[in-house]
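Presented as C-alpha cells, the chain that follows is alone, the form predicted alone.
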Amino acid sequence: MNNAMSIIFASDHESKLNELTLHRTSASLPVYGRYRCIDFALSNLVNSSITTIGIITRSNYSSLMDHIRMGRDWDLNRKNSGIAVFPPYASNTSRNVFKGKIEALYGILDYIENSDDEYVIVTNSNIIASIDFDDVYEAHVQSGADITVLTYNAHPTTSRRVLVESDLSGRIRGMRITQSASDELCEIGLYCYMFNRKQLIRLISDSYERGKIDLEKDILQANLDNLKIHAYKVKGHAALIDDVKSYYRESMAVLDSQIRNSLFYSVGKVFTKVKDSVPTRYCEGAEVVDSLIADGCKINGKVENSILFRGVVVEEGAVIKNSIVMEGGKIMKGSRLNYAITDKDVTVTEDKSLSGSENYPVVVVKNKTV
C-alpha cells in the first residue's frame, strides 16, 4: 500500500499507567522483554509499505526519541519520507500543549497537506496487534467508507473505551465511550482509523474552527449519520494498553504460544531497536519454567511464569513468579517476587518479598532500590 501516510499519537490516557509513565511516554513503554509499544504500530505500517509517518508527542518523550532515533531499525531513515517527530504544541505560534487530537492534528495540518498520499492512518501507539493495512485498505475501498474504524472483540476493562455497534454490512450505527469497566463482551475501537486525506483536512479544519477537540466524540460520534463510517475487525490477538492492569495482563498473555504466534508470526515481523548483547547465562542453580527471557540475563535462581528483560540478574535463592522485571533489574539472594512489575534498573535487596495480585500487581518505579 503505497498511497497512504500515517500519524501516530505517542501519548494517550497516560495518567492511568501511573508509575510506568513517570519517566516515559506510553509509546516507549517496554513490552515482551525487548520491545516498546510503538514498535507494533511502526512495524505494521512498514510491513504494508507505509513509510511517511508523523509522530505527535506530548510529554516525557526523550526515551521515545532515543528508541526510534532516525528510524533506521524500521528502514525509515529516508530522504523523501520516513519519520517526522512533532512537538506537543497546539500550533507553531502557541506554547500550549494541545488539549485533544483535533488540536494536535490542526497543528500539523501543513505536514498532512503537503503529502501526495490519498489516505491517512491515524493511530494511537498503545495498540498491541499485528495488523495488515493492505487488507484494511481493501476493505475500506470495497465498502465505500468515508472512515474505517479498526475494532476488536473484548471486555471493556477500563473507562474511556470506544464501544461500537455495526450492522451486517459493517457500517457503524452507534458509538459510545465507556465511563467504567464492564464484563460484557463488546466490539471495541482500537483508536486506529483510515481517512481520505482531503476529507480529514476538511474535518479537522471545520472542527477546530468550531472549538472541537475530541476526535472520537466530535468527529466520529457526531458524524455517524452524515458519513459512512465502517468497522474493520482486526484478525488475531489485539489489545490496548492504557492502565497498569492491562499492561500486566497483556504482557503475561504473550506466554501463551497462540497469542505469541498471532502477534509475531501471523502478518509480518515486529521490528525494534537493535542492541548488541551477550546471550543469557543459566547458572548451575537456575530453574526456569514457562517464562520469556531476553538476552544478557544471568540467572542463578528460580523464574516461573514471568518475563525478564535484557540484562536482568537473578541471584542464588531468589524466586520470581508471575512477575515482570525490566532491563537491568537485579533480584538479590533470597528475595521473592510474586505479581510484581519492577521498572528499569530496579534493585531488590537480599531477603525482601514483594507480592501483589493479578489485578493489582506491585509496581516499583525506575532506578529504585527496595
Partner chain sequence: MYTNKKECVAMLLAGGQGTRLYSLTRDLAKPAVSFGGKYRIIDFPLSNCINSNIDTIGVLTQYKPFDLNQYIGNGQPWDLDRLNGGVFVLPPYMKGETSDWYKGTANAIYQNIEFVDKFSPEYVLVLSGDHIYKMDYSQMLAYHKDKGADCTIAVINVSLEEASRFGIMNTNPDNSVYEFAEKPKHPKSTNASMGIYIFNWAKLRKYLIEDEEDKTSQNDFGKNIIPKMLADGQKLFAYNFSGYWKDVGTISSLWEANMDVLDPSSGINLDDSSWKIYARNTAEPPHYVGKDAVICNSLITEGCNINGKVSNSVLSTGVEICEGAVVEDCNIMPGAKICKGAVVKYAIIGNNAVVGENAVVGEKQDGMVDGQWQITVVGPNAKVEPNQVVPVKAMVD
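Numbering follows the first chain given and starts at 1. In this text, all values refer to a predicted model and were calculated from it rather than measured experimentally.
In what follows, reference is made to the form predicted in complex with the partner chain, a form of this protein that is not presented.
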{"query": "Partner contact for D295 in the predicted bound form: the partner chain, 4.5 angstroms, heavy atom", "finding": "yes"}
{"query": "Proximity of D116 to the partner chain in the predicted bound form, heavy atoms at 4.5 Å", "finding": "no"}
{"query": "Residue contact check: K275 to the partner chain in the predicted bound form, 4.5 Å heavy atom", "finding": "yes"}
{"query": "In the predicted bound form, F86 touching the partner chain (heavy atom, 4.5 Å)", "finding": "no"}
{"query": "Interface segment, criterion being heavy atoms within 4.5 Å of the partner chain in the predicted bound form, picked from 277 to 285, 241 to 249, 202 to 210, 149 to 157", "finding": "277 to 285"}
{"query": "Interface residue in the predicted bound form among D167, E184, D290, D110, criterion: non-hydrogen atom within 4.5 angstroms of the partner chain", "finding": "D290"}
{"query": "Residue (of K198, K235, K217, R72) lying close to the partner chain in the predicted bound form, criterion heavy atoms within 4.5 Å", "finding": "R72"}
{"query": "Heavy atom within 4.5 Å of the partner chain in the predicted bound form - qualifying residues of 250 to 267", "finding": "L255, R260, F264, Y265"}
